[in-house]
Structure formats: C-alpha cells, structure tokens
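Only one chain comes next, encoded as structure tokens, the form predicted alone.
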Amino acid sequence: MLNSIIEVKNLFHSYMTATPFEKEILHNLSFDIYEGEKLAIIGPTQSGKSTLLQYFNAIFIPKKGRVIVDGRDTRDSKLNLKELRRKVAMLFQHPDSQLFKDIVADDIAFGLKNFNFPEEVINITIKKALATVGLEPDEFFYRYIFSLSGGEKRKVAIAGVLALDPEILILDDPTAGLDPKGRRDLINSIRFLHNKLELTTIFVSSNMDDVLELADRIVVLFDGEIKMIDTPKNIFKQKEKLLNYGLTLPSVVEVVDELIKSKINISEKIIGIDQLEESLIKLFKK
C-alpha cells in the first residue's frame, strides 16, 4: 500500500484578496503525493503550478482547504515551520534568487548555521553535499558564485538544501534555460539524488521530455483545476487533450506522429525512446 506523504484537500488560492482585483487561481484541488515517488506538475502559463508548490513547504498557508505534510496540518498554529522547511526543501526556478553569498561554501553553510550545526560538522557537510550533486568539492568549495554556469548554480542551490538532509525535494522548472549538456547533467543528478537519498521528488516542468524521463505520475493543471492525474504512459497517449490544454508533447511522441504521417507502420502508443528504437530496429530488419 502506498503511503501519502502530502495530502491536498479542497485547496483554493486567490491573489489580491478583498480587493476589486481578487482572482482565484486554484480551485478545489484534492490529491495525494506518495512517499518516494517522482511527481511532475504540468500546465500552461498561469495555471497555478508554482503557486501550488509553495503550499508544500508552507510558504503559503491555506485559507480555504488543507495541506497535510507527513501527517502535520500546515494550518496548525503549533507547527514548527522551520523544521517543516528543513524536511521539505524547495529549489526555485531561478537559482540567483536562492544564492545570495559570494562564495559557494558560504552559501551552502548559511542554512546549516541557521540550524546551529557545529562548526566542525559544517565543512564536512558542505563537501559531502557538493560531491552528492556531482561537483568536485576541492574545485568548487571556494569558487565565486558569479563564476558558475547556469547548471552549476542549480547544483549548488540543490547542494544547499540537501545539506539539511530533507525528505522531500521540490523543484520549480529545474532545467529551464539550460543548454542541452547542462540539462542532461541536471536530469541525471536529480534521478541520482532521488534514488540515492530515497527522496520524494516533486517538480514543475515546461519541458515534456524532462517529465517523460523523470516522472512516475503527472498532475495536469489547467485554469487552476486538476484535469488529469496519471502515469506518463496514460497521460501522453491523450495527445489531443494535452494540446487543447496548451501543452506540448515529448519529442518522441512528435517523432512518432511524423512517422505515422509518412505511412511508416509504427504504433501510435509509443512514448519512450527505448520503445521507438526497438520498433524501428524491427522495421529495418523486415
């Protein structure tokens, strides 16, 4: 039986409340996130994805509805928010908004010092966190933040939250703006971290290839409502629905569509690169 680590119950969210410009952008959301899974949240711009993420570590507290994290209601006035945010680590879309020290080691140390880690433990923890995200500790420990590439900045930001030993990792469009190599490195790092540290990983992405590679389940948001929630296989075979929601398709799905249009005998149900490769090899052998 799957254990729920986050429960969202009848959640609403409005901006500019009690003004003539009030706008409700999340409408009665209810779903569970299971311990140890990789959950992707997708949807067009302004569908409420990033807003929803901020409920999971109590940046937003529900005014209408409930969010329960590991059995603790975020509306509970006795909830220790500092401890909750240590358990639920969040990486924002733009790492520059999360990196505010000049030196890599100082940035990673910031959270550790806030939690009163002993000084002799901090340096060891920093080096371990850097190594875990694939950055050579001796090379990056004293590096200036401004000298890092976009992918390296994201890895340092992840190292900063991993240093606090979280159980849940939340990523807001982690590969946005990266070149192909940076994207590939970060995808591999996220997959490695999820498996090695046994994290629950929740991420928003505008890149459907990332979603197909990483997700166990997908939540599709449109106009603040959950329209679909299922496995990638079941989501991505509903191509017309996704296109109607303003979403793109994974590259493999688009390639398969083009092959079918070219009268090549291949199954429209293929969504994975391995499936496509296997099918094409069989065709060529014939």
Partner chain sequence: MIEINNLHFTYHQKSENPKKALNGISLSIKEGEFVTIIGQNGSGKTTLAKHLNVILSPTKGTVLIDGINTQEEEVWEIRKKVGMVFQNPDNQIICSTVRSDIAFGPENLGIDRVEIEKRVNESLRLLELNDFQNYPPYMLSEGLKQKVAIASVLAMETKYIIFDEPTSMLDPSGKKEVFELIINLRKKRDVTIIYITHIMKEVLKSDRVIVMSEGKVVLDNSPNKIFSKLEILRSLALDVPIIPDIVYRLRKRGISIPQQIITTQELINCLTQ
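Numbering follows the first chain given and starts at 1. Remember, predicted model here, so these are calculated numbers, not experimental data.
We do not show the form predicted in complex with its partner chain, though everything after this point is about it.
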(request) Please determine, with the chain shown alone, which of 234-242, 219-227, 255-263, 32-40 has non-hydrogen atoms within 4.5 Å of its partner chain in the model of the complex. (result) 255-263
(request) Give a yes or no for E24: in the model of the complex, does one of its heavy atoms lie within 4.5 Å of a heavy atom belonging to its partner chain? (result) no
(message) Using a 4.5 angstroms cut-off on non-hydrogen atoms, would K181 count as touching its partner chain in the model of the complex?
(response) yes
(message) Would you classify H94 as touching its partner chain in the model of the complex, given a 4.5 Å non-hydrogen atom cut-off?
(response) yes
(message) Would you classify N123 as touching its partner chain in the model of the complex, given a 4.5 Å non-hydrogen atom cut-off?
(response) no
(message) Please determine whether each residue of A131, E136 and F141 possesses a non-hydrogen atom within 4.5 angstroms of its partner chain in the model of the complex.
(response) no
